[in-house]
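First structure 1, then structure 2: two forms of the same chain, each alone, as structure tokens.
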Structure 1
């Protein structure tokens, strides 16, 4: 029995090692590539040992690529900045709109309430292009194409349902008794909401906001269709950047590393909330 468990344990260990290798190796390898010169990357056989160089990163950050055919200007840092602006503002707006609505769905039984809630949830499931392609025509007519405002608005299709459903689940888990007691003391509804309900739901709000930020950051198709070079976030920008003449593989790898660092750091910092948010968002709503 003991021996059998030992063999089972070893097999489990091997399986787990393979799993970790498969999922983490690409990240590690691209990270290593980002510190290599093109000559080192093109070596055969490939080797994980090399003298690291920072020139890929300095080229990206300064935005000036020295190539054999001259100096190339690239807007990669601008793309990163756009990602920050778009994701942060979208989450902020989604919180302002979504938290009160989530509270309403959780605390009140009202006519059409469930219907409105489901309508909002159903945005999560519609094919994005179905909305985006006609929207390109509308945005041109409204003068919204290629503006931050237009994009932040459209990003609500990602952020709002997430915030709504995770925060709603959280409000539902909190007993309303404390709010009742506070109201009985003579405080207004708005005060109760602000001073009692929101602080109690803070972990849920944090999880939802974090998740919404990551989804907004990772979004590709909205900006691909609605934003031109000037307003493009890093997901679209990086792809366009790859095809520019004179770009080297090390610089592509460095661009990948720079573009995933913010969400990876956020995720590591708040992984407890994140796991909670992911499983709640799916199973509870």
Structure 2
């Protein structure tokens, strides 16, 4: 019996190792590429052994990219800052609008409520190219073209439906009896929402905000069409590494590492709230 358990444990360990290698290999390989030159990356056969260099990161931070065709000015750090501004502002605005709306959809039944909720959700799945032409015309008429305000507004098509539907589910899982007990003491709906509902749904709000931040960070089409070079995020700014001298694979790998880092740190910070969300059964109705 113990021998069978030992063999089973070994097989599980081998299977887990193979799964980890399969999923982590692309990430590890990109990380290694970020410390190599183009010549080292393109050598045949490829090798994990090389002399590391920091010139890719130096080029990104200094904004000067040296190629065989000359020196190019790149604005990667400005693109990175644009991504932070656009993603953080979009998620913050979506939380301000979406969390009260999610509470209303979860607690109150009103005419056409489900239709309105599904209409908002459909914005998330609408092809971006379908709305770009009318948005471009409206933005030109309103003076919002190539502005942070205009882009943050457009990003609500990504963030608001996610937050609305995810947080709504968390509010529905919280027993209304807890809020009723608080209201018996004479507290208003607004105070109950702020003091009871929001703290209990905090793990769900954190998870929804993190997911919305990732989707906003990875957006490419809206920023490519509606923003000029000084407002474009890092996803569009990476196009600068496709030069007349060829594709700068080392700089692209370094840009991937730097652009993933803020999202990874945010995910690690929000991890405790995600874990708390798994234990919300104590307050389910």
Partner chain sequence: MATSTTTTLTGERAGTPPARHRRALGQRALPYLLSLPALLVCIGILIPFGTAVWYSLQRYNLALPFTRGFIGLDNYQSFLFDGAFWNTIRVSLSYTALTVGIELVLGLAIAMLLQRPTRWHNVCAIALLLPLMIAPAIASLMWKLMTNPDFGIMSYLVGLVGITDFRWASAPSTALFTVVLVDVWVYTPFMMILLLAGLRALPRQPFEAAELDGVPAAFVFFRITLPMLMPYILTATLFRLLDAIQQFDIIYAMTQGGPGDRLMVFQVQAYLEFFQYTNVGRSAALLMVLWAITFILSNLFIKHWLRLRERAHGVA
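The term rigid core refers to the most C-alpha atoms you can superpose between the two forms while keeping them within 1.5 Å. Numbering follows the first chain given and starts at 1. Just so it is clear, the structure is predicted and the values come from calculations on it, not from any experiment.
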Item checked: Either 1 or 2, the form predicted alone -> 2
Check: Cα of residue 249 displaced 2 Å or more between structure 1 and structure 2, core superposed?
Finding: yes
Margin query: Fitting the two forms on their rigid core, what distance in Å separates the Cα positions of residue 26 between structure 1 and structure 2?
Written below: 2.7
Note to self: Core-aligned, what does the C-alpha of residue 13 shift between structure 1 and structure 2, expressed in angstrom?
What the structure shows: 7.7
